[in-house]
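In structure tokens, one chain follows: the form predicted on its own.
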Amino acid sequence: MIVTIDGPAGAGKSSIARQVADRLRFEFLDTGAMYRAVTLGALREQIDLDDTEALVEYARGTTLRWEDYRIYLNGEDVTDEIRTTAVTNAIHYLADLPAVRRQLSLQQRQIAEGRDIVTEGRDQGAEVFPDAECKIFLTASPKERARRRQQQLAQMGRHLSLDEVLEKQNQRDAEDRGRPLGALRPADDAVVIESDGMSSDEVLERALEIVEQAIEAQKVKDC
């Protein structure tokens, strides 16, 4: 069974997706790590980040493997290297290219084939896995998401005003919704969780309830 959990930045989808996978003993696919790995590879190859054709060609020639929460780029474990500032600053050059997204979406489908897996992102249910048995769209109001992000940044020693965080978040939301491919949107058959006023445990339990209902429905269908 494939479970997709999509949503905007700051909704907590990564944390919830991992916890859902752990509780159900499903595998977890971090699609963001895949984009980071390809970005790292492009930086290593010193590809001009403004050279769209070269970036697409590089992405087309890479092989990604996701196993035990580790990401492998052409057979090399790059899990730690993909979290550098250089990769973070450059990832949008590849993630914004429709041809690169199509290539990585294909690899995501190959990784998920035949597995019980939870995958998260912004377009997993709507575009990458349109036939997934269970789709969740996790969201919250812009102010609530900004408040959570502000607290997270403070714990990292970065103190920004709520207005500053909200402004940057709104800009990212607009960019994510306006992408020609991989735009932020819930699938038509996704179950939406509005998490305002909910604790993380409550969100997790609601997500598990949705998945378990999908599992039961699949059992009936298979009978």
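All residue numbers are counted from 1 along the displayed sequence. The structure presented is a predicted model; accordingly, all values stated were derived computationally and were not measured.
What comes next is about the form predicted together with a small molecule, which is not displayed.
*Is every one of Arg83, Ile91 and Arg179 in contact with the small molecule in the predicted bound form, taking contact as a heavy atom within 4.5 Å?*
Heavy-atom distance to the small molecule in the predicted bound form: all three under 4.5 Å.
*Pick from Arg172, Arg60, Arg44, Arg70: which has a non-hydrogen atom within 4.5 Å of the small molecule in the predicted bound form?*
Selected option: Arg172.
*If you check Ile117, Ala126, Ala95, Ala140 against the small molecule in the predicted bound form, which one has a heavy atom within 4.5 Å?*
When the small molecule is considered in the predicted bound form, the option within 4.5 Å is Ala95.
*Any non-hydrogen atom of Arg101 within 4.5 angstroms of the small molecule in the predicted bound form*: Answer yes; at least one heavy atom of Arg101 falls within 4.5 Å of the small molecule in the predicted bound form.
*Any non-hydrogen atom of Trp66 within 4.5 angstroms of the small molecule in the predicted bound form*: Although the small molecule is absent here, Trp66 would stay clear of it in the predicted bound form, with no heavy atoms inside 4.5 Å.
*Look up in the predicted bound form whether Thr31 has a non-hydrogen atom within 4.5 angstroms of the small molecule, and give yes or no.*
Judged by the heavy-atom cut-off of 4.5 Å, Thr31 is in contact with the small molecule in the predicted bound form.
*Looking at the partner-bound form in the predicted bound form, is Arg145 within 4.5 Å of the small molecule by any heavy atom?*
Judged by the heavy-atom cut-off of 4.5 Å, Arg145 is well away from the small molecule in the predicted bound form.
*Please name which of the stretches 159-167, 193-201, 52-60, 33-41 has residues with heavy atoms lying within 4.5 Å of the small molecule in the predicted bound form.*
Every other range fails; the passing one is 33-41.
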